[in-house]
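First, one chain by itself: the form predicted on its own, in structure tokens.
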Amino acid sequence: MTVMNFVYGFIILLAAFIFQTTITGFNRKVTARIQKRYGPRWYQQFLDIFKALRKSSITHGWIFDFGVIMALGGIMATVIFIPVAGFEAFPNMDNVYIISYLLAIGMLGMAMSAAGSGNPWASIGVSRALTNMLAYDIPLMIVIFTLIFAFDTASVSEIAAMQQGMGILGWNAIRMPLGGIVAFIALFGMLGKKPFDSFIAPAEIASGPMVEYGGKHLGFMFILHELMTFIEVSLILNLFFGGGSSILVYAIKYAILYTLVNIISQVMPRYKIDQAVKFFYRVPLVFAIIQGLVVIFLGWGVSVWF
């Protein structure tokens, strides 16, 4: 580990923020067109973030403030371990377990900060978010453990590389279709998109965890959201859709995957939190278990790699 590793990590971090914020800006335009509106300019998301960072904000105590720092720090640390088209800031450390651990630190920091605000809407939102996370994490992790068993590695970059060279037929989403369906559905929950956005629900709980944030705090949370989105979409892209053989291919596949999720989300209703949990445990969980059993005992979908 050298100074250059940290330089590469900073480059990935900055590129991830710029790229995802740009994609978010274009998707705000896409959302507007679906709703028969014109929509904001593609760079409006940058303006919103920088405008928020310039303003003062109200604190609700040291837990509220420290939680924001903990959340942003955990998410930034996670980003630098995400492989992008074979480019790694810290080679051989892009492990699923390391990424999951660091990502959990960021999420818990955000939950701690929101709950520390003292607003009941924030507490309800945090409770719903953690319940939602428990619902989609179990089927998703079963599928990921199935991949680890099939590839005999937990390295995200290695799993992505082993899908390349055979075109779309080499993607895990195609080789293991039930697992691919589970991952795609789980991505909606990870991103907080409809129908799994009950923890935000602006018309019900005033945006939930975000209700008390303003000024610099809100600006930091905007940055955190963009980086977290990059992590979540990149994980699904690398593990199930072959990653990218080049930066350009990676960026195109990433933009298509994120935009597809956003478009579908705009025409979906919102599940109540109990409905979301029941859905994940009735459909994706069953799919994940079946896919795991098929791979482990029959070897279907993995024999081409051995």
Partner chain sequence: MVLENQDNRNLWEKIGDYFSANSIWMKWYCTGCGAIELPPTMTSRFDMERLGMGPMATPRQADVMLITGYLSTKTLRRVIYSYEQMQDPKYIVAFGSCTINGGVYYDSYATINQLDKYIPVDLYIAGCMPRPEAVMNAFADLISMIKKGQANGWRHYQENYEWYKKNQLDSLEEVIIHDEFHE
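Positions refer to the first chain, counted from 1. Keep in mind the model is a prediction, meaning the values are calculated, not measured.
Not pictured, yet referred to below: the form predicted in complex with the partner chain.
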By the heavy atom within 4.5 Å rule, which residue out of 214, 86, 170, 192 makes contact with the partner chain in the predicted complex?
214
Contacting member of 177, 202, 165, 91, with respect to the partner chain in the predicted complex [4.5 Å, heavy atom]
202
Triplet 226, 253 and 257 all within 4.5 Å of the partner chain in the predicted complex via a heavy atom
no
Using the partner position in the predicted complex, report whether residue 188 sits within 4.5 Å of the partner chain, counting heavy atoms only.
no
Residue 44 within 4.5 Å of the partner chain in the predicted complex, heavy atoms
yes
State yes or no: in the predicted complex, is some non-hydrogen atom of residue 58 no more than 4.5 angstroms from a non-hydrogen atom of the partner chain?
yes
So, residue 65 and the partner chain: in the predicted complex, are they within 4.5 Å at any heavy atom pair?
no
